[in-house]
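One chain follows as structure tokens, the form predicted on its own.
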Amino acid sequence: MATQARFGFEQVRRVPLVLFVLLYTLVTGGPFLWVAAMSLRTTAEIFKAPYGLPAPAHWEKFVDAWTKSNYGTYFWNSTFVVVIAVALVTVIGAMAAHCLARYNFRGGRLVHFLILSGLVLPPQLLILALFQILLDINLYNTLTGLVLVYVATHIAMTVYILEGFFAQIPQDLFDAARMDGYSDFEIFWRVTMPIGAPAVFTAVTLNFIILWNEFLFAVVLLTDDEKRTLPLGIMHFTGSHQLDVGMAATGLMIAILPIIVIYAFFSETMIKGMTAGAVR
């Protein structure tokens, strides 16, 4: 009886937590489901029943949004910029994190402080300086310039994520690699990177999500329509379809879907990578 009573008491104690989780899920997931439903409905159907279900579902709207609104260009611009920026910031950040975590050198603390100080600088303070720098090197209004800005502004976060994990790797592994004749560069690629794969993957995922949705730098540093990234395309698309709510919702879903897919498949791995350093 005592065991049953204790079990019942535990169940009662969980009720507020379960209710909170359900409420939070409804508040955060409800708008997404609403936009998803509207993306498959026409504007007339939405005005007639704003919260109705897509019956029938107009899947052809996604083809129209992609082919008739320059949305394909915006999507591939974002893909080009984000993929290259994430690749560069991951390699550079991993090398810097490995160096700071494994080697002692004069000025190391100062370098560490200067790199991580990028975490406390708001992007608004960097806009004018980056704008002038890109003008001086003739990279303003170019996707290449935007890639460099993304790399520079996300190095600090990448180093912060990776350094703690790399510092937990046993020194014996590095000593063994050194005895086998590995150079510093080979140790990084053959020891640090394979063992640090969970943390590296976490950094890749976080950087991809943040940069895919980045708006501030893109809106200031890009002016030509054919060079717009997806967030700018969403702004332009929504502005030109203010009265076509259904088509605007379809455009939003095209932008949201890649992030939803990445999070759905890799969220567990990302969380494991964020906690792996502490666990080790």
Partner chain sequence: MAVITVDKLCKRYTGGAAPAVSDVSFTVADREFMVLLGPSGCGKSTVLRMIAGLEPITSGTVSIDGRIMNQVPAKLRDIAMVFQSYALYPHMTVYENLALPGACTLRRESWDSRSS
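Everything quoted here is computed from the prediction, not taken from an experiment. Numbering follows the first chain given and starts at 1.
This next part talks about the form predicted in complex with its partner chain, which is not shown.
Of the heavy atoms in residue 201, none are within 4.5 Å of its partner chain in the predicted complex.
In the predicted complex, at least one heavy atom of residue 177 sits within 4.5 Å of a heavy atom of its partner chain. Its partner chain is not drawn, but in the predicted complex it has a heavy atom within 4.5 Å of residue 195. Using a 4.5 Å cutoff between non-hydrogen atoms, residue 182 counts as a contact of its partner chain in the predicted complex. Three-residue candidate spot 173, 186 and 191; every residue lies within 4.5 angstroms of its partner chain in the predicted complex by at least one non-hydrogen atom.
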